[in-house]
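In the block that follows, a single chain appears as structure tokens, in the form predicted alone.
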Amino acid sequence: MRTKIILAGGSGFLGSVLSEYLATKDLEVVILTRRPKTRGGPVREVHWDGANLEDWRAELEGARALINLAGVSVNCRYHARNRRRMLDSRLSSTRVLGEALGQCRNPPPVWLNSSTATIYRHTFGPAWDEEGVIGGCAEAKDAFSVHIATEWERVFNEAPTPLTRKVALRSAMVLGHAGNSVLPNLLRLSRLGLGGTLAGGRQFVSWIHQEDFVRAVAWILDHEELAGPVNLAAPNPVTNTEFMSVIRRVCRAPFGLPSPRWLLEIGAFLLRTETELVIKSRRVVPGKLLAGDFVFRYPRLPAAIKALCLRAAPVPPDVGA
């Protein structure tokens, strides 16, 4: 009999790669989603609205683990309506899952809940591990994002689940080849000659290959000593200048026009997004994973990008390891 994993909000990019990976481990994966589809094999979908206790609660009984990835995308303009949607989608889903666990006779022994590496303070100095300083600053325009992250973790931590170990997944940018992930968009821009440095290029970019993301999640499930926040990031963050240089080499782009901050503001308005996503310096390292001897398959950016592009395209990219 398969061991059951409950994956809330698992219909997006991260949910897809995670459910695919877990299914290869002889696990039954139950995806809680607003629009369930009939699927064959070890993955099935069950309806939930992310806010109310309904029939999906019964799926938690006797499950091996609960993983919550629910949350409206942050790639939008941060006006009042979108701010409310981003905040509510994270807090409501986390709160109702906590309520459901509290009603279980045999609750899952571990609950992994999404968070974000954006919770740490904008920095050009030493990298932050899980003991890093939390907070926003005017330079990075990240006050609202940090507010979301801290409220998200507050609701998670306050959920009364004495029989369930809880881990907040402070994830960096996950690099994948799916159409709705960030990497394909960066590759397209670079092929158009728009892959230069952004806002000066000094800001750090924390990232993780999608394969290391799913492997780390599975590893955390099996390591009962881990609780509290865990950074899901490769151990070698890079500057935006380095990051865009690797992207250009992949695309064999001879040049990339740099984008100063004023131009980014115009572009963000036209693309209906926010400059904070690229100007904040996120220098985060996976302290707990490294202390526990987790082995990254892609600890450095060039090899990670190369592996993703080789899988997605028939022509090998020109990028060094």
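One rule holds for the numbers: they count along the sequence shown, beginning at 1. The model shown is predicted, which means the values in this text are computed figures rather than measured ones.
There is also a form predicted in complex with a small molecule; it is not shown, and the following applies to it.
Only one segment in the set 252-260, 44-52, 285-293, 22-30 has residues whose heavy atoms sit within 4.5 Å of the small molecule in the predicted complex; it is 44-52. For a residue to qualify, one of its non-hydrogen atoms must sit within 4.5 Å of the small molecule in the predicted complex; all three of Thr116, Trp152 and Ser171 qualify. Contact annotation: Asn240 falls outside 4.5 Å of the small molecule in the predicted complex, judged by heavy atom distances.
Although the partner is absent here, Gly71 lies within 4.5 Å of the small molecule in the predicted complex, judged by heavy atoms. Contact between Gly12 and the small molecule in the predicted complex is found at the 4.5 Å heavy atom cutoff. In the predicted complex, the small molecule sits within 4.5 Å of a heavy atom belonging to Arg34. Residue in contact with the small molecule in the predicted complex (any heavy atom within 4.5 Å), chosen from Thr123, Asn236, Asn82, Ser89: Ser89.
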